[in-house]
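In the block that follows, a single chain appears as structure tokens, in the form predicted on its own.
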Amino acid sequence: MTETTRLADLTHDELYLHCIRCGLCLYTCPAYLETLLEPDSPRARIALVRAAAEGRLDYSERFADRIHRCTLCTACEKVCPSGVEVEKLLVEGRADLAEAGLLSPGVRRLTESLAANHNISGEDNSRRLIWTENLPQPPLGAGKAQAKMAYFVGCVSSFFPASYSIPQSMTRLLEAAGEDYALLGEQEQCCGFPLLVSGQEPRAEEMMRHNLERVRALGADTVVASCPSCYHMWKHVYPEVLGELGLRVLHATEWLADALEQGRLKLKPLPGRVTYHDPCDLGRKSGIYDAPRRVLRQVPELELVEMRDHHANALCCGGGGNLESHNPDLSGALAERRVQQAVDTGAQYLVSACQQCKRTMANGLRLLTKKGVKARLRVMDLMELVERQLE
């Protein structure tokens, strides 16, 4: 039998014995809802992890596939009557798989890119400010050596053209509100989240330490992130791994809600219906549900309608847990399911507060329209919508 490492070190209380196989988790799990296959359910993954931890199951590519067919959205944890920490179990299992050389090809390419380039795109990290190049003038925070606030942009918004507009909008909003902010530029590295959820904590910690040192070098007292995964890492994981940061950590929606309510930004009316998608890392994992809705309520004439599943019950967009790297077809199917819920509201705008959610749901909308679904829907990030409505 394969000798386990991280899983074998967990106590039973931390692990799997609390799972009573009641099945409440099944109908919260986006992967199970899509395939209706028991091996894609949280309780099945827990059973696999238990068998591996007890030495009754060899690690294999098939085992690795099942463990990686999960977005780590934690919807199952929210309904589990026994309090099983599913995400923790799967991350520990992925750590053992990484040690055994059983990462899937897509996840392996992702982690190799992070090791070589310090970002998920595979591009030279010196190009982190490429999103500024088509602006009329560079953001005021570019090249600043000292500032009160550090805006942590994240990999997707820095390198994926479809997401450039998010930091472009965010920097305009920061400047319109009179914030003293700085961009880390090429000194910014991946927050470490993709490495952490693939079970490679030591590599992730190196990036965490680097990013914290660069922010402290700015003399900043606040970090603001528009990426929910980056925010979750800075707010919850960095202090756990690195100790007290001595920094105030905000998601962009928290900052924006305060700026609007303080009258530092003025908005034009938007007569239209908007539905909001709660990102998993921002909502279930970080507890931020109100701030984005506070922002939307500040837009004159905007009508906010909720999808069938919202707040803590929101369906995952399919973009979490490195699933898109491991199984893009399943990721796309989860995005389709979520976008269909938005279409059902009759909204003209599907808004989220996550660049990954925007990207995956835009792809889900494309897949739906290819199937003949009539969807008059525009997928946007909240920063983009608000910046467009600035007076």
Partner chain sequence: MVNTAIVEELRGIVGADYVLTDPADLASYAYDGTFQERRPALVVSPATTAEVVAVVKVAARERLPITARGMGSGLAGASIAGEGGLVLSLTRMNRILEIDQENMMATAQAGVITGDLQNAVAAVGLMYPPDPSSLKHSTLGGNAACGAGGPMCLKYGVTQDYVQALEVVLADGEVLRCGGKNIKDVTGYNLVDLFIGSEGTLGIITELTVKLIPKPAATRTAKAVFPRMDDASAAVNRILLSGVLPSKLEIMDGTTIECVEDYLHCGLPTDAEAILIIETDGDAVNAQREIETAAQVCKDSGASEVQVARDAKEADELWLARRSVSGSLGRARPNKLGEDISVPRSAIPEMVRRIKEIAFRHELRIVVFGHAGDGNLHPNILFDRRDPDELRRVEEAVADIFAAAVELGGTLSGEHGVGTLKLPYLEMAVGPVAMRVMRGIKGALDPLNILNPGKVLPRELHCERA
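Numbering follows the first chain given and starts at 1. Just so it is clear, the structure is predicted and the values come from calculations on it, not from any experiment.
Quick note: we don't show the form predicted in complex with the partner chain, though the next part is all about it.
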Is it the case in the model of the complex that E38, R50 and F63 each bring at least one heavy atom within 4.5 Å of the partner chain? yes
Just one stretch in 357-365, 324-332, 343-351, 40-48 has heavy atoms within 4.5 Å of the partner chain in the model of the complex, so which one is it? 40-48
Even though the partner chain is not shown here, does G83 get within 4.5 Å of it in the model of the complex, heavy atoms only? yes
Hey, in the model of the complex, does R378 get a heavy atom within 4.5 angstroms of the partner chain? no
Taking the shortest heavy atom distance, is L24 within 4.5 Å of the partner chain in the model of the complex? yes
Contact between V373 and the partner chain in the model of the complex at 4.5 Å, heavy atoms? no
